[in-house]
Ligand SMILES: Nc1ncnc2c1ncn2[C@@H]1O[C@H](COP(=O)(O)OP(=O)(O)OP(=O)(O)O)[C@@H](O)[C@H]1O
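Consider the single chain below, provided in structure tokens and representing the form predicted alone.
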């Protein structure tokens, strides 16, 4: 087990937002987190990344307590947050520079990875010169350089059109397998959660709790044919029942 939370709870102004959250993330695993808006998913991510301290509970990485510690787990938010005045190479290299790596060396490291992320030739461009899909690739590569082992992804594909999103899903599954990154993925898209995840947690209630855990049996990488399979439809029906739709 790579990452584990133990009875994680958090309140704001006396109102409990999440309670007794127990989740796990294994090596090279993608875990989906589904739930309605306001249920506490982003609060959970802020706890996992160390941006917030829990009222109670622990976060363990390889058995070591990392509760409240920042800079250990990378966090890619819904917007790509690329700096508009910096070129793509500088944007991607930012976490390396913050770690103390000299700019020239950081750029060399970035340039080596650009082809793998489908970004070759973009190093001298600015974010507004790239498509939404390319910007998300750049943001994910920046996240990789922050921490290549674990990433928290908060609706990374929600701003994309359907065709671009499908293309990015296929690419994402391929690249995650190549770089051996483990991810927890927040999404409101049930189909996306099934297509990308190895396991899915359903978060519901007030305060938010993990009320169901669903295993997606299909191996990765997957193709679009999986979305019309009986297994896909069975899992979707199970999720809809858990969400009471």
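Positions refer to the first chain, counted from 1. Keep in mind that what you see is a predicted model, and the values were worked out from it rather than measured.
Beyond what is shown, the protein has a form predicted in complex with this ligand; the following relates to that form.
Subject >> 78, 167, 147, 174 - the one with a heavy atom within 4.5 Å of this ligand in the predicted bound form >> reply: In short, 78.
**OP:** Find the only residue in 42, 204, 67, 28 having a heavy atom within 4.5 Å of this ligand in the predicted bound form.
**Re:** It is 42 that has a heavy atom within 4.5 Å of the partner.
Original post:
Does residue 17 make contact with this ligand in the predicted bound form, using a 4.5 Å heavy atom cut-off?
Top reply: So residue 17 counts as contacting this ligand.
Subject >> Close approach of residue 217 to this ligand in the predicted bound form, 4.5 Å, heavy atom >> reply: Contact with this ligand, no.
**OP:** May I ask you to check whether residue 178 falls inside a 4.5 Å heavy atom distance of this ligand in the predicted bound form?
**Re:** Contact check for residue 178: no, nothing within 4.5 Å of this ligand in the predicted bound form.
Original post:
Going by a heavy atom distance of 4.5 Å, is residue 230 a contact of this ligand in the predicted bound form?
Top reply: Contact check for residue 230: no, nothing within 4.5 Å of this ligand in the predicted bound form.
**OP:** Choose from 218 to 226, 19 to 27, 5 to 13, 232 to 240 the stretch whose residues reach within 4.5 Å of this ligand in the predicted bound form, heavy atoms counted.
**Re:** It is 5 to 13 that comes within 4.5 Å of the partner.
**OP:** Within 4.5 Å of this ligand in the predicted bound form, which residues of 149 to 188 have a heavy atom? Give them in sequence order, or say none.
**Re:** Those in contact are 155, 188.
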